[in-house]
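This document starts with one chain, in the form predicted on its own, laid out as structure tokens.
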Amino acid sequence: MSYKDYYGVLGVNREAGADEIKREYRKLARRYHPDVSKEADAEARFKEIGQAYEVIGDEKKRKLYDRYGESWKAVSEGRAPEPDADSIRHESQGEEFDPGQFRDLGSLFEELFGGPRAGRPGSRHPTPGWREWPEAGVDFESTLELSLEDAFAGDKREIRLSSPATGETRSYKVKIPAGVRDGQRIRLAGQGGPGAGGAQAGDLYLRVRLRAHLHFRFEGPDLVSPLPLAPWEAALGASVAVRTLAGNVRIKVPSGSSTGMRIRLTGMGYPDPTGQRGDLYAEVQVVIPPNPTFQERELLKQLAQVSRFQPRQYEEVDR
């Protein structure tokens, strides 16, 4: 199999420390996040970056990866590396792993796990001296629907799902990271299908779905929210309350504001993958009283008589 250099993916050398790896991951994750990047391969690069960091950002996984390359996961699950894999050179240790050096899978099992292997992979019919070959459990995936407020703040909750393996309903405790986005997955380690032969169970992945919100919508990394204003507030300016995900804040609306104008609230939007919050744009919507009183109508008539304002700059033609 081809060797994927996770160090190269993150742009660090093999001697890089944990802090440097984390720093480079955050920089690349921000650059290639699908909600931010305009590059055609942004989503694929973002997934590749996350995959690389999941491995070499973890001390135990990194040690296995440095020794066994892409076979690290098989080894961690008690399985043998691919017997027909190409030799993988590990520059950090100056050694080479070649599955061909083992005469058979039995000797490979002894080398890795310190004991003889009996039976065959997937066998369910014991014979004298038989021991089941370790086989990791399968991963499951389900959907977790969240409100924008819950996704923004993060939460711990208990959910109930039907197990794909048994059909039984089970309860799961889920820690929702603050700032999780639509389409991202939350991993519940060991909550997937059971492993065989003492191997670890698979994982359960919860794919996040954010419900549509009445007051906020995403535009790339930022949020946009409508800001209704009365005609006199838009014309004269006003101090008004604006809703944010963290609570209401008061802003100053400049005089002469028109529908469609946006007021930027820096750092009051939604977090990016590094935890830094984007911006919130309050979009002005000038609204009129739906049922004006007699006095309001009289005042509007007076305004119409004295105002020189021309909202239409084209010549009107009678028909």
Partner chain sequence: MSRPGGEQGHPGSVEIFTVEQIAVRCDVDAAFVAQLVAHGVIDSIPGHPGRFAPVVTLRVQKVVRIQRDLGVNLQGVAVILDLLRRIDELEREIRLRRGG
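Numbering follows the first chain given and starts at 1. Computed from a predicted model, the values in this text were never measured in an experiment. Heads up, when I say rigid core I mean the largest set of C-alphas that superpose within 1.5 Å between the two forms.
The following text describes the form predicted together with the partner chain, which does not appear among the structures shown.
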| item | value |
| --- | --- |
| Contact residue in the model of the complex, chosen from 228, 154, 220, 198 - any heavy atom within 4.5 Å of the partner chain | 220 |
| One residue of 236, 138, 159, 241 in contact with the partner chain, assessed in the model of the complex (non-hydrogen atom, 4.5 angstroms) | 138 |
| Partner-facing stretch of 228-236, 241-249, 183-191, 67-75, counted where any non-hydrogen atom is within 4.5 angstroms of the partner chain in the model of the complex | 183-191 |
| Any non-hydrogen atom of residue 36 within 4.5 angstroms of the partner chain in the model of the complex | yes |
| Exercise: residue 205 in contact with the partner chain in the model of the complex, heavy atom 4.5 Å | yes |
| Non-hydrogen atom contact residue 29 with the partner chain in the model of the complex at 4.5 angstroms | yes |
| Heavy atom of residue 170 within 4.5 Å of the partner chain in the model of the complex | no |
| Partner contacts in the model of the complex for 265-279 (non-hydrogen atom within 4.5 angstroms of the partner chain) | 273 |
| C-alpha of residue 277 moved at least 2 Å between the shown form and the other one on rigid core | no |
| Per-residue C-alpha change between the shown form and the other one, residue 37, threshold 2 Å, rigid core fit | yes |
| Post core alignment: residue 265 C-alpha displaced by 2 Å or more between the shown form and the other one | no |
| Comparison of CA distance in the model of the complex with shown form for residue 35, residue 142, at least 3 Å | closer |
| Cα distance between residue 34 and residue 206, which in the model of the complex differs by 3 Å or more from this form, closer or farther | closer |
